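In structure tokens, the next block holds one chain alone, the form predicted alone.
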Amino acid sequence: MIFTIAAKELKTLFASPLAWIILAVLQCLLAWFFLGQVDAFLAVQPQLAALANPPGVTELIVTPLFGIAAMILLMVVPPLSMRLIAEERRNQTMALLLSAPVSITEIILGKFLGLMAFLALFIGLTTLMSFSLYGGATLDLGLLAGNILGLVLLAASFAALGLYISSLTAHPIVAAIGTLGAFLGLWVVDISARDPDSLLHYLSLLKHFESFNRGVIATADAAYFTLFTVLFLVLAVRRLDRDRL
């Protein structure tokens, strides 16, 4: 049932023009940034050739590309997650969903995986854009894999938080604004976390992503993203469970 709900959510997303518009705009933005990075790399290539151990295209093009993709997710997830639960309440179909022979956990996981499937498409297109450099350069596959894994974990954290906020209201716009406000709060935490030993540095999602962006796959960072995602999925389950009771 989880995958049935996920497929329904994904189909609903692509049935609306919003998902297609978001995907098209995102690819235009990433393509513009990607081509700009390629031009900048070609401009400094003579200076790089004089260095003993110059950085490659992965460090100078792919790493910044995934960094920009991480920031774009802050703006993309709110309009995508706002309708997951809130629209069910607005359309008065929540009672029908809760009375179906599925558990609350299956409902939440299905909606979460449906959103993650869409975000995985965005990450996949970003990865294909990076692989296009194979035609004229050599990629650091380890660094690329670290960036892909980090972006997937970051997207899962954002999706879980957006899903939880959507479960708190019956108005999708309110859910979108609330999720965007939460993400802006996380961004403020990130820019305020200057001391590596501070609590803000440890709580910042984007700071944890920076390790993956550098190609460092640390267990602590992966565990943080996993616990963050599980926490808000559990909170969403408990919120719907109160509705059912």
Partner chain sequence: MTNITVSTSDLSRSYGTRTAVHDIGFELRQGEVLGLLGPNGAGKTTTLQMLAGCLAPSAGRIEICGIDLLERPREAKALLGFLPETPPLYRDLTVDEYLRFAARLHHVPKAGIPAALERTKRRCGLADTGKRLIGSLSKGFQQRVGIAQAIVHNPRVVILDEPTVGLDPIQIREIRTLIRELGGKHSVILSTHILTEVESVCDRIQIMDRGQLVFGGDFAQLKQAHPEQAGLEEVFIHLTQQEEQA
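In this text the structure is predicted, and so the values were computed from the model without any measurement. Residue numbers count along the first chain shown, from 1.
Absent from the display: the form predicted in complex with the partner chain. The rest refers to it.
Q. Looking at 162-170, 96-104, 142-150, 69-77, which one sits within 4.5 Å of the partner chain in the predicted complex if you count heavy atoms only?
A. It is 96-104 that comes within 4.5 Å of the partner.
Q. Should the three residues 1, 8 and 244 be counted as contacting the partner chain in the predicted complex, with contact defined as a heavy atom within 4.5 Å for each?
A. Yes.
Q. Would residue 92 sit within 4.5 Å of the partner chain in the predicted complex, counting heavy atoms only?
A. Close contact exists here: in the predicted complex, residue 92 approaches the partner chain to within 4.5 Å, heavy atoms only.
**Q.** Contact flag, residue 226 vs the partner chain in the predicted complex, heavy atom cut 4.5 Å
**A.** Residue-level check for residue 226: no, no contact with the partner chain.
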